[in-house]
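Read the single chain below, which is given as structure tokens and is the form predicted on its own.
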Amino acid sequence: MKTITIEGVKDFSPDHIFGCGQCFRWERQSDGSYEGIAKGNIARIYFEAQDPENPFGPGTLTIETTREEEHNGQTGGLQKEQEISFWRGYFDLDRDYGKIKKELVSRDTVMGEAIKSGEGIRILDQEPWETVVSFIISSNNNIPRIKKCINCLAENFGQRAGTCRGKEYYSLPEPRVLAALTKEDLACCRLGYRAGYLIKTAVKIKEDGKEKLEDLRECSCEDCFSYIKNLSGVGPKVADCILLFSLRKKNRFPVDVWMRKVMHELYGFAEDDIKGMSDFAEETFGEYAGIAQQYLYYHMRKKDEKRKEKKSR
């Protein structure tokens, strides 16, 4: 394995980043590190703050990766620079989250408490096709089951990507592969009704070209939403998740069951007033609405865990 270190990383917590429901292919290890795969890169990552009193940085992000291919025919220093560039982009390290947090707190008093719960959250820059597949599977599903379904899909129909500490990793099947499958083929992954959605979406992406998803990053939010919303199995919430987590639209504010609970409990909205919640987020949080959503989502999950723990005593 290769080791890459990035110094001076701030506003960073692997637990917060991988625990806020934005990705499903990373697993926490007993030593606090995380192992997973991103865009075909298999890695183990861990973070150590310089000051234990300030666990969210500045500190050192260490990435052990098994990816050894050459990049553009280059090796050595340039390859390492490109690897660092990839991970900086994936973890959104060049965005000043400290500044964003201050701005959000200045706009809304509730955000102060929410940010304290998930101060180390950053929005990952995920691969669009994987995000489309993952969030179609996520519909009306829980995180452990989502992970099992995604891993099963990768292991049975994707390509082997490599091994990390004895565990084999697989990429998700390409659109052309998934488009050629049937619901019966996918039965082993226990996707239920989502299997048909995935196949239809794969056919559409195969016809349009996978690069169409990448190109959406340069399009307006309205055009992105219109295209993604028309994919099979994609409703408004799933579309907003795809825009936020892979198409770099940080102003999207996905509203699911948890966020309805958040907005009801913390802001007094009726739980069925999704439009009111979305309008409030747009007006209050603006271009940072998606980042605010992640702080609020994580905050409510932590509050819920504490309530359950208190009841069990």
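Start at 1 and count along the sequence shown; that's the residue number. Bear in mind the structure is a predicted one, so any value in this text is a computation, not a measurement.
There is another form of this protein, the form predicted in complex with the DNA, and it is not shown here; the text below is about that form.
Student: Report whether the minimum heavy atom distance between Q126 and the DNA in the model of the complex is within 4.5 Å.
Tutor: No, no contact at 4.5 Å.
Student: Applying a 4.5 Å heavy atom distance criterion, does R176 contact the DNA in the model of the complex?
Tutor: Contact with the DNA, no.
Student: Can you tell me if G209 lies within 4.5 angstroms of the DNA in the model of the complex, counting non-hydrogen atoms only?
Tutor: G209: no contact with the DNA in the model of the complex.
Student: Closest heavy atom of G233 to the DNA in the model of the complex, within 4.5 Å or not?
Tutor: Yes, contact at 4.5 Å.
Student: Though the DNA is not shown, can you say which of Y97, Y197, Y90, Y170 has a heavy atom within 4.5 Å of it in the model of the complex?
Tutor: For this set of options, the contacting one is Y197.
Student: Out of N156, Q79, S117, N141, which one falls within 4.5 Å of the DNA in the model of the complex, going by heavy atoms?
Tutor: Partner contact (heavy atom, 4.5 Å) among the options: N141.
Student: Only one of these stretches, 103 to 111, 188 to 196, 82 to 90, 118 to 126, has heavy atoms within 4.5 Å of the DNA in the model of the complex; which one is it?
Tutor: Comparing against the DNA in the model of the complex, the contact stretch is 188 to 196.
Student: Residue by residue through 236 to 250, tell me which have a non-hydrogen atom within 4.5 angstroms of the DNA in the model of the complex.
Tutor: Counting only heavy atoms within 4.5 Å of the DNA in the model of the complex, the contacting residues of 236 to 250 are P236, K237, V238, C241.
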